[in-house]
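Taking the form predicted alone, here's one chain by itself in structure tokens.
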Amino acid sequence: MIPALEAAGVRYAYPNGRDALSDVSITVERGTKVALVGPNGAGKSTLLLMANGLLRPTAGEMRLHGEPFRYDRRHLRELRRRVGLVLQNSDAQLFAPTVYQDVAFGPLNLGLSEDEVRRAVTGALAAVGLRGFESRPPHLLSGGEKKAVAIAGVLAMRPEVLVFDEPTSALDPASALVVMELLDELNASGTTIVISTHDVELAYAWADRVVLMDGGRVLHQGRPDEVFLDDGLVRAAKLRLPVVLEVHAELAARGLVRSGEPPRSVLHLVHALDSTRPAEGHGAVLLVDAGRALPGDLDRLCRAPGVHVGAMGTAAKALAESEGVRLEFAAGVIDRCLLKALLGEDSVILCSTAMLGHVRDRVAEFEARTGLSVEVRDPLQAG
């Protein structure tokens, strides 16, 4: 399969002659989540600006679906429709008097009709959970809301690839989790996503592939466990190991867990501890499509005694709010529900249709990794 995005031997020099990137080659496969990880000055942001055509390589080339970038006005316009860029500072990307006008800017420049623009804006705002924000001034929004508007402005162009420079920068922890969940939802719908970050915890738990960078060069690229298990390489990049790996190594050194496969998250670490105890029964995950659920279904499922409830995606959270369903989990939902399953407790996950397969895949991955069996069932299908 032809990769979605490639950098082939890319070099970029600043006007003063100093190299920002030196012989950088990376491959981003279609439908994957890739994190460029490194300290400030590693070249991550420069590479992302090249992915959108805002910077042109001094040497080497960028490719989209196997085709080299072309830098004339017509091709750049099409490139920026297909590869959407969200900047680190949302204020730098928001300039119109209202949210609607900001999100409509891209579709208008594509020459869409008024009705097409309206549909694009409405769909993009709904996707990021900002329906009803159309007339609000962007500068009065919170940091998380500004980030969501910036994302909506890119989504309105219907891009194939999304690139985000430090997506959680300047956000409080709750807003950061909401943004990363939105990226998961977009990826589950087929969008290829590339982010830059110096947050090793985020990259290790979230990405399918990690590109470790420092000094304008690629030090290593591969699966998160391949990259972050090289302690010397990570420290050479002026970073540290993810905490979950450090804790696991210390527990293994004390004989409290088997050394085995390294954990990707707190969920896997807890299972490693649980595996030293006698096996007990596991709870189930009830997976509910928010697009099919009726008010009576939510009353029956979400208010049952002892059941934990989480929601993934804007549509599911909006449904829960409209029906007065209290959410115990609004971020990190899959892992938290699996943690409850390890305790023998049941959970309900409300999610959009697009996220159903994502949840099942994550549970299947957990089962394959641990050898456990966690029941996932559709209670609406059952009856």
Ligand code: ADP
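Note that this is a predicted model, so its numbers are computed, not measured. Quick note: we count residues from 1 along the sequence shown, nothing fancier.
Same protein, other form: the form predicted together with adenosine-5'-diphosphate (ADP), not shown, and the subject of what follows.
- Note on contacts: among T314, N52, T46, T32, the single residue with a heavy atom within 4.5 Å of adenosine-5'-diphosphate (ADP) in the predicted bound form is T46.
- Among P68, G324, G344, P39, the residue placing a heavy atom within 4.5 Å of adenosine-5'-diphosphate (ADP) in the predicted bound form is P39.
- Heavy atoms of A20 reach within 4.5 Å of adenosine-5'-diphosphate (ADP) in the predicted bound form, making it an interface residue.
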